[in-house]
Structures are given as C-alpha cells and as structure tokens.
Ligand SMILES: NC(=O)c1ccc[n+]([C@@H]2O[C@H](COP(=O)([O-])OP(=O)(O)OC[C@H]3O[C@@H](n4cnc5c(N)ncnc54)[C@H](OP(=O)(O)O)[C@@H]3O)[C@@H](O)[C@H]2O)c1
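Shown here is one chain on its own, the form predicted alone, set out as structure tokens.
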C-alpha cells in the first residue's frame, strides 16, 4: 500500500491530491491547520481509518517534523507532497506589505524545505533496501516562470520553489529518491476563485490532481499542468525583457491584503 504525506491538505490542490491518492488506495498523512476541516475531509475519503491527521501550521517546523516522524514510524513514506501555499497581492512601495512578503516566503518556500527534511534520511534507507518509486513533490506555479506585476511575493516564492526543487533533484539523483516539480497553471480552487480577471485554460482541481499524480508516478522532473500553460511558459521564457515588460506592465493585479 502506497503511503503519501500531503501538506495543505484541507482545500484546493492539497485536498484534490488527497482525494486522488485515497482513491488509488493509498494511506495518507494529511496536514493542515484546522482539525475539524481535516476530519471532514477524512470522513469523505475511501478507507478513512487508514489516514492520519496532523492539525498544525507548516510554519511551525518543530510540529511539522513531529508529524513527519509519526507518519514514518507508522510505516514510512513513498510520496511526500509539499502543497501548502498562500497567495496575496503585494507592492514593494508599501511598507506594510513587508510582512506579507515574509509570510508568503515562509509558507511557500521555507515550509517546503521543512516538509522534505525529516523524510530524506529514511527514504534513502528505503531506497537502499530496494524500495522504488520514492518521490518528493514540490508544488510551484507558472507565476514563478516570470515575475508578475503586483505579485512579487507569490512569483518570487514560486520561482524559489522551482529552483530549490531543481537543486534538491540534483543532490538526490544517486539516492533513489526522485524530486518532482509540479507547476500548476490556473486551477479552480479557492485561491483562484477570488481572482477578478480572465484565467486561461482554467482546470478543475480533480482533473489536475489526476494529471499531477500521473506525473509523480512517472517521476517527471518538471511538469506544467495543464499542458497549454506549459507552452505559454516556454514562450514567456523566450521573450526578451523589453517585450515582456511591454506586454505585462498593465496586467491585472491580485488584490492586496492591506491598502497603503
């Protein structure tokens, strides 16, 4: 039976992945802040008795490590998915947005590192014992491909996730553990439902989860979902700065938490 540990499991991409893996017969470790929401999620999953709940904030690294150790003690882990993330509009000119930058980077980047760290030594031993299909999965975003105006914190944090996972992938290449970077485009979740602008190629969360799960199973190093956004991402990489700046200088901004 596959064992999968997922952060940010209470809603959005994390919840969709929990439902996907539970449907595949996996035993899950589900991490989110609210116990009641986690219990509601578990109750709706196949074989709820298989799944362990960890109500904590991923920025509490000690609690996150304790949860990881508990899940490992219960049978180890095959797949670890760091999907906890937050998105908020930010403008550097407003001093009060500094705290938002810190919160976004802490949750999206540092918590990803803290999610993976407790599992690596054990997964290396599992690999040495002959176990295959071991995966560490980082959830990034197409917003990390190039910096979007009004989204310095989110774009910067997701760019950091992409680069971090690439570094980790190379570090662990000979270990038997594969690092998979999943790069969602616009997925229909509470995070995107607040956007008041057109979102091309918007994909339902369950469909995204199935495609992401298939990419993880393949051990893909980097997968943009949906594929159309992968084409857009490649084109964005190729644009010279002057053309990118001209095209995106008037792009719509995600709303800020505070107004300066």
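Numbering follows the first chain given and starts at 1. Predicted, not measured: the structure shown is a model, and the values here were computed from it.
Keep in mind that the form predicted together with this ligand is missing from the display, and what follows is about it.
Option touching this ligand, based on a heavy atom within 4.5 Å in the predicted bound form, out of 123, 84, 165, 153: In short, 84.
All of 118, 175 and 220 within 4.5 Å of this ligand in the predicted bound form, heavy atom check: No residue of the spot touches this ligand in the predicted bound form.
Listed range touching this ligand, judged in the predicted bound form by heavy atoms within 4.5 Å, from 137-145, 166-174, 123-131, 91-99: Within 4.5 Å of the partner lies stretch 137-145.
Partner contact for residue 228 in the predicted bound form: this ligand, 4.5 angstroms, heavy atom: Close contact is absent here: in the predicted bound form, residue 228 is far from this ligand, nothing within 4.5 Å, heavy atoms only.
Partner contact for residue 59 in the predicted bound form: this ligand, 4.5 angstroms, heavy atom: Yes, residue 59 is a contact residue.
Proximity of residue 11 to this ligand in the predicted bound form, heavy atoms at 4.5 Å: Yes, residue 11 lies within 4.5 Å of this ligand in the predicted bound form.
Proximity of residue 187 to this ligand in the predicted bound form, heavy atoms at 4.5 Å: Contact with this ligand, yes.
Contacts with this ligand in the predicted bound form - residues in 26-41 whose heavy atoms fall within 4.5 Å: Read in sequence order, the residues that approach this ligand (within 4.5 Å, in the predicted bound form) are 32, 33, 34.
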